[in-house]
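Let's start with one chain on its own, the form predicted on its own, as structure tokens.
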Amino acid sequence: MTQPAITKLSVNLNAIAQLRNRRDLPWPSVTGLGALALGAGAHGLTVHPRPDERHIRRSDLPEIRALIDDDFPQAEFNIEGYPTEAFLELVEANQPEQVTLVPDDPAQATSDHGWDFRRDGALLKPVVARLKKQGIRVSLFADGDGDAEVLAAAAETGADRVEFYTGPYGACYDDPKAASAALEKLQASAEAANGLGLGINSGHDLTVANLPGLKQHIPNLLEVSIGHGLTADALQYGMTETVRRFLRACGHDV
């Protein structure tokens, strides 16, 4: 019997940066809280540098890269974004271990849907090849709606992984029946993706409460990227204890 995957936790720093940017002061420190998260056992840090720099700024990326290289070399840096030339050049300058390509319009408040792989495959395939040539793992943001044909088109891009958009599942926090239906779709998506050789990441509206259910339905879940819910909990529990709570929800004994 296949053993469940060790699900890694990547802490998304966008909400911390957005709070900092409200007053354009050095605090809260993006790298300072990133260091606390990694020190507490998080496996990596995630950022989504948008063109308007409303949260993470381009100038943050070298500092996060240096933090990982100097103090937490076992950790991974994950950069998310839409693959414009400017974004790709930013990625190449900061050499993350993983890039997650998302189909966001710059005006969107947050990522809220996956790629249309049948339509966008021609756009994504050369980008994936360009990034993988530099040794960067590539993950593609995908809807977890159980459509195996869409995931087959994702695999044809040459990507290493898909990151399932878990927003519909997260929105069911007060509706167990709807949550169960959302989990069934995510499970079907995961099984299809694995059958195509794609690793599985997930992210969006994940919490300590709903992570165990996701893990139960996707036992081979490789990574979760969590920002809003984790940052909200950090206001109550502190960053160190919050990371430990999320690690336990992912199945780690901490």
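Everything numeric in this text was worked out from a predicted model, so none of it was measured. From 1 onward, residues are counted along the sequence shown.
One more form of this protein, predicted in complex with a small molecule, exists but is not displayed; see below.
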- How about residue 227: is it within 4.5 Å of the small molecule in the predicted bound form, going by heavy atoms? yes
- Item | Distance check, residue 143 to the small molecule in the predicted bound form, heavy atom within 4.5 Å | no
- Query: Within a 4.5 Å heavy atom cut-off, is residue 205 in contact with the small molecule in the predicted bound form?
  - Reply: yes
- Item | Segment assignment from 62-70, 189-197, 22-30, 219-227: heavy atom within 4.5 Å of the small molecule in the predicted bound form | 219-227
